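Here you get one chain, nothing else, as structure tokens; it is the form predicted on its own.
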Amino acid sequence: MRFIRLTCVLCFLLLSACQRPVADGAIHFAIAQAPISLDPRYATDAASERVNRLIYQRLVAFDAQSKPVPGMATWQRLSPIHYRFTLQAGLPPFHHGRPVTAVDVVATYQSLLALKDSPHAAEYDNIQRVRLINPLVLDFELKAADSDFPARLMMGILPQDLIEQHHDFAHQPVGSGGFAFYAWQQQLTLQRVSDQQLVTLVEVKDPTVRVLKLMRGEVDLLQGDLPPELVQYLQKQAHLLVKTTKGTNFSYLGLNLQDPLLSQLRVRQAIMHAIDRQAIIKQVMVDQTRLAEVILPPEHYAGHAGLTHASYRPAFSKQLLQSAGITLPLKLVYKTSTDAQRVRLATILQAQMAKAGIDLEIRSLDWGTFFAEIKQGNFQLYGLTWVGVRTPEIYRQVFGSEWMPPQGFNRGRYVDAALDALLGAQDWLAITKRIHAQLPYIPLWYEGQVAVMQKNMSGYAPHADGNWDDLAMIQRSATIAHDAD
């Protein structure tokens, strides 16, 4: 480990002064994964969700406790199955010039309900009808009562005229948010509406290369997906700013519950106790990463602060496996992306689990192939992170027996009648307790958030859910001084 750190530092010392900053006027943001789809009706990956927050407006926003507050609109609950939304005055127009009206909101949700291949359509299957009242007012009529309904309305609003023209929002998005689409060839460029500042998102998968580009002035900003030793090194660089904050994005090991081995609770418990999460946080994760037990953090209004943390007990894991009739070693296949940090984490998991009698085979795949395999259920174990989750509805979408792909995100094909009943009653404390006991996921941690930028950048800070919203405020003051060639 020490050798790797020293090698990285030597690379920085050799290469950091080789190039001058790019002087095209754009702000360059290096990211680990490029977005896949900029149509909010289809986007599911973290990068797409983060970019779509910049391009589109939504009816509902959220406060610090993740409770819904007015976004584009205020609302009234006219009955348990009837909600009326009134658009705020002075909404900015769509980027192609048309004003935003309730017609666009109705068209957006009607188009979503009509789509058969949208991964989000099932989230809104309780909507009976979306009805236009006047250009500023619309009604949602539901099939069944839902007191949390406003919090579900997080879909970016599309313009009605382009919906009718079957416009390609995935590659040429048109919204009414703070950023407009500018170009997408080798990299995605957005233009800030307020001042026409260009922001370019540059995909650089390898974290060391991202850091080298920052050191050489080729990019202005990095956020997340960095090992702690690189962050520690960057904190010592006088021409850079490093900002960290506590995170809420939930990292976990996904399990295929249709697998005859993983369907056994004792096997899942053995895996849980075979992982030294505290050691991994110390070795691999950035500052302010903390242990997690369920998807939503304890400070969330539907969080559960009373859940206990499972300890690292490899000998106990062996006992659990043997009591389940497993012949050791238990052979399992773990799928992950080719991202260097994720492969490193997989290697540590492999070494820890070996002490518990688990032989973990690692298969690292390019991001597109990996994510497709997970969505198709072609896995035993995998590692992913839920990003930007706001509502406890996530538990129904991820663990409800009726929410298996493509209708929902129950990728592990988990079926539990007791949990289904609790989900129907929306008893969040009981739900989180049941999930914690049954382990349909192996919980890991809430990742701390870190952003690193050139010292002449201001107005940007990382947020707990990893969003990029501060790109709306980031500014460059003056050119950084770099050594000459």
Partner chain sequence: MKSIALFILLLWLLAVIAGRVLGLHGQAVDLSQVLASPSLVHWFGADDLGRDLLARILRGVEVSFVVSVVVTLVSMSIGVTVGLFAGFYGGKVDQVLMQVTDIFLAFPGILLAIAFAAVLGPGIVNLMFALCLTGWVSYARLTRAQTLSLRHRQHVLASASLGATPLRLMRYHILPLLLSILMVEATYSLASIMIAEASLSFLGLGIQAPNASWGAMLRDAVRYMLVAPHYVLLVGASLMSLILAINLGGDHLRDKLDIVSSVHEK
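Positions refer to the first chain, counted from 1. If you're wondering where the values come from, they're calculated on a predicted model, not measured in any experiment.
There is another form of the same protein, the form predicted in complex with its partner chain; it is not shown, and what comes next is about it.
- Here the chain stands alone, but in the predicted bound form its contact with its partner chain, taken as any heavy atom within 4.5 Å, falls in 342 to 350 among 238 to 246, 395 to 403, 342 to 350, 290 to 298.
- Though its partner chain is absent from this view, in the predicted bound form it lies within 4.5 Å of a heavy atom of just one residue from 229, 141, 259, 203, which is 229.
- Exactly one listed residue, out of 111, 380, 208, 322, brings a non-hydrogen atom to within 4.5 Å of its partner chain in the predicted bound form: 208.
- In the predicted bound form, its partner chain lies farther than 4.5 Å from every heavy atom of residue 302.
- Within this chain, residue 279 lines the site of its partner chain in the predicted bound form, having a heavy atom no more than 4.5 Å away.
- Contact annotation: residue 385 falls outside 4.5 Å of its partner chain in the predicted bound form, judged by heavy atom distances.
- In the predicted bound form, residue 362 approaches its partner chain with a heavy atom inside 4.5 Å.
- Remark: all three candidate residues (212, 233 and 283) come within 4.5 Å of its partner chain in the predicted bound form, counting heavy atoms only.
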